[in-house]
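The form predicted on its own is given below as one chain in structure tokens.
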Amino acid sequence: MTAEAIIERCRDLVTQPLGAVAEQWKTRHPGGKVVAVYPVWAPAEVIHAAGMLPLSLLGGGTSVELTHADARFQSFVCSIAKSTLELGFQGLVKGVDGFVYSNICDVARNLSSIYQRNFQDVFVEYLHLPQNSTSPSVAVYCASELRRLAAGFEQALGLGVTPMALSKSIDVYNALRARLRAFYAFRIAEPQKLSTVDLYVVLRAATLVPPEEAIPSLDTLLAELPQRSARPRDRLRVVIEGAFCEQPPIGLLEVLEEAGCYVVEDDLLLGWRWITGDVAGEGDPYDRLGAAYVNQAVPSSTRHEGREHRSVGLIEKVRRANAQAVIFMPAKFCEPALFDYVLMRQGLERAGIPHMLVEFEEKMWTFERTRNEIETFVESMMFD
């Protein structure tokens, strides 16, 4: 299959309801179970080791009209929380046997209990992930939460996790993450050959299929993409920051590129990219995953990084990608992103890195005002 055919197939896959993706996998794996994981981080290895299919749970996007969820939430919460609940009310996640939430923010914490209250026929688990990475016992605590999750799978779904199976799953996901890192490195080097929209749909599709299926397709793309014929354009190299949970509409990503940007780094789809290298160490696989969550993690607004200023990780990302500016892209009402925006902006200004703010909602469908703002920003940088 050619690179273009793979990308087109990925585009089709990411538009399908999550329940349809689950049911299609179950037809090929009779008796199999599917567990969906809310962003930002996914314990995919633990789910995979139990013989189940891990899926990313990223809300309803532009395809779901809110008819029931609004009555269960206050009005000033992010779109992804409401549309995720709406998926359940509209039966669009039938076929998914379990859901895993974590303490990204207060809204995600509440969504877990609201979902469990309204849909008592599915398995729902809430992971209390460590927020303070400076504690000496934080990795041990994280490992204990993963063990508790595995015990929940065995009790509720009848599927246990053995240390050998978990170690094998860690190896598989190490291989998957290595391919994803290679994609990002390729885009930094040759963004004219891989648009952010294409990269996004490929990565999102990789969170909807078993890793054993994703890896061969990614290998084909990594082999073929360098052969693409594309002339470098005079565009502004930018980093997207703040979209770690709710995902921007594909139309907004297209507008960014049409307005004159090369997006060379981002914090999209962190669930499958949270760990920045191979899970290190030997011995107990839960301990290895717990340590990786703490010590090999991307900088994120969803947890505290100790005394280090919030902008340090972002500035490193800008320099690593040879970017010229940052576009903050938080979802509306996203408290972690908006709180951190102030500190990150201060750090960027001290470092002399230009930036702008573009808020979005997943159901956003008109982009003309945003296009004008981005074009003005790009022109001010390119022709100053």
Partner chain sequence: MPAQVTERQYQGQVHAVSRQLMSAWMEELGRAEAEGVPTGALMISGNCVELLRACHVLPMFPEVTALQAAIRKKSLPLILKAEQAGYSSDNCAYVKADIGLFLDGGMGPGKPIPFPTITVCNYVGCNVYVKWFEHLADISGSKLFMLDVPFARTAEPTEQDIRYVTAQLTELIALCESVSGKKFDIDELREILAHAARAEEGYARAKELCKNHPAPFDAYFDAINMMGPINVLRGTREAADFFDTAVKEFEGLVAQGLGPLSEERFRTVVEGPPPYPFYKSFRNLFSKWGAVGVASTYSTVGGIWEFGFRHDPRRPLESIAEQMLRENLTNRSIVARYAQIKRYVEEWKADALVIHSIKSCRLFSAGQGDMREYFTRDLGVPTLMVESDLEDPRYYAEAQIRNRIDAFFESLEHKKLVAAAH
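If you're wondering where the values come from, they're calculated on a predicted model, not measured in any experiment. Residue numbers count along the first chain shown, from 1.
Not on display, but discussed next: the form predicted together with its partner chain.
Judged against its partner chain in the predicted complex with a 4.5 angstroms heavy atom cut-off, the residues Asn110, Asn118 and Val342 are in contact without exception. Think of it this way: in the predicted complex, its partner chain has a heavy atom of just one of Lys168, His128, Arg181, Lys94 within 4.5 Å, and the residue is His128.
Put simply, of Asp267, Asp198, Glu145, Glu86 only one has a heavy atom within 4.5 Å of its partner chain in the predicted complex, and it is Glu145. Residues placing heavy atoms within 4.5 Å of its partner chain in the predicted complex fall in a single listed stretch, namely 135-143, out of 135-143, 274-282, 207-215, 187-195. Residue contact with its partner chain in the predicted complex: Gln346 places a heavy atom within 4.5 Å of it. Within 4.5 Å of any heavy atom of its partner chain in the predicted complex lies no heavy atom of Leu66. Residue contact with its partner chain in the predicted complex: Phe328 places no heavy atom within 4.5 Å of it. At least one heavy atom of Val77 is located within 4.5 Å of its partner chain in the predicted complex. Residues Asn103, Ile104, Cys105, Asp106, Val107, Arg109 of 86-109 are found to place at least one heavy atom within 4.5 Å of its partner chain in the predicted complex.
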